[in-house]
Every structure is written in C-alpha cells, then in structure tokens.
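Shown below, as structure tokens, is a lone chain in the form predicted on its own; questions about how it binds or moves come after it.
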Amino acid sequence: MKRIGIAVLGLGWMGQAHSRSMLRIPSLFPDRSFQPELVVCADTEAERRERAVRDFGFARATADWTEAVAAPDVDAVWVTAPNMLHVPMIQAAAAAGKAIFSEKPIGGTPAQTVQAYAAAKAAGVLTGVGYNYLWSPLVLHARAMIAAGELGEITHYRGRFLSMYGSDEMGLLTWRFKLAEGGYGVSSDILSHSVSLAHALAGPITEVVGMQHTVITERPVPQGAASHYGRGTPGDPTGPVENEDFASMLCRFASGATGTFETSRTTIGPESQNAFEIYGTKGALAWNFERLNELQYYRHDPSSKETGWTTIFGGDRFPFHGAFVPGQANAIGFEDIVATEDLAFLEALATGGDFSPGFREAVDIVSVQQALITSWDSRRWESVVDLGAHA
C-alpha cells in the first residue's frame, strides 16, 4: 500500500473537511491502494495550528505555507486557503513536483485560473478541483442514466445555486467581497459549481449571454480577523462591495440544447440550493443539494396513465453510498461527498491514473465565466473561447 504524505494549506472549513477525510478514508474504504498520512498543516493562526496537531493528528504545523509545500515528506498538497493565495500556492506546489488538490476557484478570476493551470501543466503534476457536488452518489447515478440514454436527447438544462450567505446587510466586508482578494463574486464562488454539474451532465457550453447585479453595495468593515458569517452593527464604518451578488445566464450547449442559470448569495429563502433540472425527449431529472439524498425522475411514456415525478432515494445500491451507511434511504452528508472525492484523487495518485475534474476542467468552466463577464458589458451573446488552448 502506497504511503501518501499530505500537506493542507489553511485549516478553515474546507481544510478541516479534507483533513477529516484523510482520517476517515482508511476505515471507510479498506480496499484502497494507498495510506494517507497527515504530515503538515500550514495556517497563520496559532490556535488552528495547535488544533491541527492535537485534534487532527498532523505530525506538525507551521505558519509558513512555503515550508509545507517544499517538505520532502509531502507528496500531495491541498490548497484550502483564501482565494488570493491559491495561485502562488499552486505555482509553488507545482514547482516542487507535488500533486495538487485545490478548492475552487483555483483562481479568483479567469486569468488567474489559467495561470494556475499553466503552472501545473508545465510541471506535469496530477491536479484536482473541489467541485464537490459532482461526487454525490445520486449525481453520479444521474450521469450514468443520461449516458445510458434514459433521457433521450437532452433538450434543456436549468442550473441554479441560490444561497443566503451574503443576505445580511450587516454581514462583514471580508475578502470574499473584494475583487483583488476574492476575485469575482458569485460567478467565481458558486456559479462555478452549477457549470461544473452542467458540463458533466449535458456537455460543454458554447455561447452565453447574461447579467449581474450587486444587491448590497456597502458592508461593515471588520475590525481584526473576521468570519464571512460575522456581523457588524449599525453605525460601523462601511466599505464598498467590489464584486457581484447575483448573476444569471442563458446559454447554448454544443449538443444544441438550451440552458438557463441563476446564482445569488443574497436571496432570502434558498439556504444552499445548488440544483439542476435536465430535460430530454424521453424523460427528465431534477436534484437539489438541500435534499441531496433524493433524485427526481420523470419517465415519459405516452401510453401510461400513471404519469408524474418519481422520487429515487439514496442508498447503498448507488456509487460510494454504502461505504458510509447501508440500506436504502439512509442519508449521507456533505463531508461524505468530500471524502469520496479525496478517495478518488488519492487513488489516481497512488495508481498513476487520471482524475477529473482537474485544472483543465476548471479552465473549461472559467472559459464560460469569461464569456459571461464579457456579455455583462457588451449586452450581447458571446462565444465561449477556450482560455486554456495556449496555456
């Protein structure tokens, strides 16, 4: 069994989720080809460094991420730090010859994403991106149904990611709301998840037109370190929000199918509604992360009187689900999906296989984003140009 030494850069929410994955994988997947070892965690906060060693079992922790990346006992690097650090971390890891798994976006802007991709491509290292929702067992099943022709010819795709994380006007002006630090707003942060699902299920997007809007234009300036979920108070000094709260998109797919997308961080009601509906000539499928253990299926049969949507419940008959819980309709959660994607990435690294989605797929997604951004100014349909063609 191949030992794989792991560095995690940033022990925030996703850094913790991936670290827990490494701890859980041996007990969940006994037939794996590798043994993960948490070697070093890098974080600027002393409390997090202490937790990394004490609670997560890292061999050591450091405030200097460059030290973690260069360590000779590290084989793979997880980039889970704030967006503005992704590109330099990826470039350093690539130069050191490490495999790289980065949370999205690998760059806050399309140009930065291409930079990261070019560095990893030149180094020839394995890459992965945290488009986590692709690894939901029922999303994997939906993909298999579509590939098997269960929906017939795909005619229309509707994708959306509506969230409330930025809906509070007193929510602090953290780095996520600044162009130089977080990059673009919802088009980088959560629309990328919608597009990744669409590419996996319906194929590449070739042409787009859309709009954007910043709903909350000023936010309280944080005093010291702050969480994205922290709140200010009336009367606090404020600063401008520099990227978009909302974006929408009409598109055409290479297959000829049409598509609609919408994404927002300020809507009230949908709390984490990453969802798709995909329509074909023989049926339709619908999935919503808020109910990730349910897939809706409509089978088109003109001769039947019993029409309507059927709910398919998750269970151990679907990919990976049984590693976490046996039986039918016994639910799994978000971190189980994270563990699954980490398993697949490490298995590819251990066996010399391929992994998708990697940085190439991230470039495909930001190529769509760039066409959308261009259409915001042109107010016209824009063709999707492959930004990675000459990287």
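What you see is a predicted model; the values in this text were computed from it and never measured. So that there is no doubt, residue numbering starts at 1 and follows the sequence shown.
Separately, the form predicted in complex with a small molecule exists; it is not shown, and the next lines address it.
Taking non-hydrogen atoms only, G130 approaches the small molecule to within 4.5 angstroms in the predicted bound form.
When contacts are judged by a 4.5 Å heavy atom cut-off, F29 does not count as touching the small molecule in the predicted bound form. Interface membership of T351, defined by any non-hydrogen atom within 4.5 Å of the small molecule in the predicted bound form, is ruled out. Heavy atoms of D189 reach within 4.5 Å of the small molecule in the predicted bound form, making it an interface residue. Heavy atoms within 4.5 Å of the small molecule in the predicted bound form belong, among the stretches 140-148, 233-241, 81-89, 291-299, to residues of 81-89. Only one of the listed residues (K104, R219, R265, H321) places a non-hydrogen atom within 4.5 angstroms of the small molecule in the predicted bound form, and that residue is K104.
Looking at the small molecule in the predicted bound form, residues L172, Q223 and F246 place no heavy atom within 4.5 Å of it.
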